[in-house]
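For reference, the chain that follows is the form predicted on its own, supplied as structure tokens.
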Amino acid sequence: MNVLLVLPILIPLVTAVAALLAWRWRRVQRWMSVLGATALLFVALRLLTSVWRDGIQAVQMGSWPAPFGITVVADLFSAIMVALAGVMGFAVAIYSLSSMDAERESFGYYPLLHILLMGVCGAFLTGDMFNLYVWFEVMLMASFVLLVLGGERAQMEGAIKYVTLNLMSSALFLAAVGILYGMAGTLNMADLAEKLKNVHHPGLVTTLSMLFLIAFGIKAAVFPLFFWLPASYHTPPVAVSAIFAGLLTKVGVYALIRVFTLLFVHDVGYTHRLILVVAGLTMITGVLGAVAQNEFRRILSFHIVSQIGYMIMGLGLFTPLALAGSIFYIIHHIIVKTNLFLVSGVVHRLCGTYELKKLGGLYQVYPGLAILFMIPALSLAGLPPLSGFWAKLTLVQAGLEIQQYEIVAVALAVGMLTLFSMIKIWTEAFWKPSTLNPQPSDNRRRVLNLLFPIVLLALLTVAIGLVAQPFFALAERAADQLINPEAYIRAVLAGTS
């Protein structure tokens, strides 16, 4: 049994249980959280290198052969996503040491954080549709409690919208899984890929694919199913907002890419064309929402929606280059968006508000923080030589290759509006005359403690931009496995890659 495949699930579980056992000792919980996040990062990177070197790997739990047992499988795409979850978990665990208040720590913040990471990793590694549903529910439970932790009015209001839409999504997902099982007699993804080729009613398969598109579209926050996200992501503490922004919607994107490259490829002219239209509308509505906002985290929340459009744009185009662009974009966006939320938390710590009209002068007082904001902000907008430029360039090239000029025009226009909204934050919070009051020295020291994960993620953004080729080669190889799934099917059903 390849232990590396199950460790990304077991490590957060063990960390959460250990933190629960240390319920009365908050300091012990903090360092258990950091230790667990570090171990997850190490194992996730080991898994990625192992899959890169040795090919797709699968494990059948309990020695039940596929498709009858529970399959855990890692191709390059899922290994990349687990590695990103490890990086974000580590960054947020470090950030939480100085940002999370004692009340929320005493109510179980650290166990919940690692249960969330367990659910995320489980969703990335499962090879079974029903178990994908189970991991989605693990994430939903942990994320809902994290969202309401503290019980503030704004949190409760956002959480009601968040949980209502996600419960509807889960019900729709479960119904679709039931219909899928009735149609194919299996829920193993690799086995489904084989069985769905021989279904006598392809129209029924197309209808079923639309159910999954809606279910996963809600979780990914695509148009027109996104309004729960900007209503909720700005309400919890920044560490929670950051891990949500980095990972939760990306699980929905991952699920969309997985099922629409492995299972539902019988009517690409219809299904993927529809996905492409949804991608364009998601980009436009998200960025227009961001432009209209005047609160730091609400702008960033709407930009999550907008950037989801770029990620599924590659799926809609459905070429090897386009899928590589989507994967590269996911890598870039998870790092950049998490970092922008972490920066917003430092700004709030210094100024006591997220309202742009009440901010100002940060460039003069804290020039280092201004630079740390500019790096992910310009990368999000797609300026060279940062990671976002190469991600958008790849998607634009993929669109031009197959003459999809409309979506290319939308992508370029949305990039300009993204730059406009980032300049808006820069002008209001950093450049205009100072409104800051001197901060106590102990507060400044705590701010310095918050900067380590921000610097780490900023350096990673610059590194991906300056040395893009290895990351793009990784994305290309992952895309090739997605668009040619025979190796995935063989690894799961025969145990060899």
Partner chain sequence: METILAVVIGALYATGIYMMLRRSLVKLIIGLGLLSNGANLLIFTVGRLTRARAPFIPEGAETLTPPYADPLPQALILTAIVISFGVLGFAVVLFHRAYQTVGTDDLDEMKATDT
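Residue numbers count along the first chain shown, from 1. Keep in mind it's a predicted model, so treat the numbers as computed, not measured.
Just so it is clear, the following notes concern the form predicted in complex with the partner chain, a form of the same protein that is not shown.
- For the chain shown alone, Thr235 is a contact residue for the partner chain in the model of the complex, at least one non-hydrogen atom being within 4.5 angstroms.
- Interface membership of Phe130, defined by any non-hydrogen atom within 4.5 Å of the partner chain in the model of the complex, is confirmed.
- The closest heavy atom approach of Phe302 to the partner chain in the model of the complex falls within 4.5 Å.
- Residue contact with the partner chain in the model of the complex: Ile160 places a heavy atom within 4.5 Å of it.
- Note on contacts: among Thr285, Ser98, Gln293, Thr261, the single residue with a heavy atom within 4.5 Å of the partner chain in the model of the complex is Gln293.
- A single residue from the set Leu204, Val268, Met168, Leu274 has any heavy atom within 4.5 angstroms of the partner chain in the model of the complex; that residue is Met168.
- Of the candidate stretches 308 to 316, 375 to 383, 224 to 232, 360 to 368, only 224 to 232 contains residues with a heavy atom within 4.5 Å of the partner chain in the model of the complex.
- Residues Tyr181, Gly182, Leu187 are the members of 180 to 200 with a non-hydrogen atom no more than 4.5 angstroms from the partner chain in the model of the complex.
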